[in-house]
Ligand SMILES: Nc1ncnc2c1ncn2[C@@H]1O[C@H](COP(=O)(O)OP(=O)(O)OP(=O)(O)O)[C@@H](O)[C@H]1O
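Next up: a single chain in structure tokens, the form predicted alone.
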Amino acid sequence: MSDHVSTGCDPLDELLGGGLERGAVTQVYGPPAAGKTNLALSAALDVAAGGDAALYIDTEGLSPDRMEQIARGRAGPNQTVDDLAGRLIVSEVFDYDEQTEAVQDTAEFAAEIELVVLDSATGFYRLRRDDDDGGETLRDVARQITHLLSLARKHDLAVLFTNQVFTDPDSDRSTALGGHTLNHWSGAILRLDRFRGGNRRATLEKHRAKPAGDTVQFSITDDGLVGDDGQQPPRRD
């Protein structure tokens, strides 16, 4: 078994030292429309195309059409979109309490899956932080991440969670929402940005085995993610 789970995009895998590390949590953050959900879907469907299962906790409202597009792009000649969809366990949640329950329920599937996606970890946090100044809710999000990390270590699976950006009014710099509280538990942190005609740039901000600062470029197509050379990973058999 590989030490990593592919994102479905070769340049991103190379940036991450092989892909999403097993036994660890990878955080992917960035502004709206940067490609966070597309990356998460790409990774989950690549797992499914390889014959394994993935759990996708959806707080954002997945587009079935987009999921079908990427599945069609990843399916091999002997596979159908339904084959891949049958290996993707989607847990759709509609509020913060349901998110908490879905994360806890991950333990029921952990022995059967290769990847857990939480997309996103902090969407509902934005709605709750005004009620409690964000402190307790943020600590609860951190507890969710540490729960997923413990499952990743125990079952040798990969965890990916997406996150949003926060702009510091004093420095006018944007950074990952939750700051050190969530970054501490992330083995790798990837920032996505959109620029020049819809192309994307991924910047490695933290990694357990590589220096931070490296970047790669990729694009989002109907079939998924492609590197700046326009090449997609080979389809599965």
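Residue positions are given as counts along the sequence shown, with the first one as 1. Predicted model, so just to flag it, every value in this text is computed and none were measured.
There is also a form predicted together with the named molecule; it is not shown, and the following applies to it.
Does the trio A34, Q69 and T221 actually contact the named molecule in the predicted bound form, every residue with a heavy atom within 4.5 Å?
All of them do, each having a heavy atom within 4.5 Å of the partner.
Where, among 25-33, 206-214, 182-190, 167-175, do residues come within 4.5 Å of the named molecule in the predicted bound form by heavy atom distance?
Going by heavy atoms within 4.5 Å, the stretch is 25-33.
In the predicted bound form, is there a heavy atom of the named molecule that lies within 4.5 Å of any heavy atom of R194, even though the partner is absent here?
Yes.
Check E60 for me: does it contact the named molecule in the predicted bound form (non-hydrogen atoms, 4.5 angstroms)?
Output for E60 is yes: heavy atoms within 4.5 Å of the named molecule.
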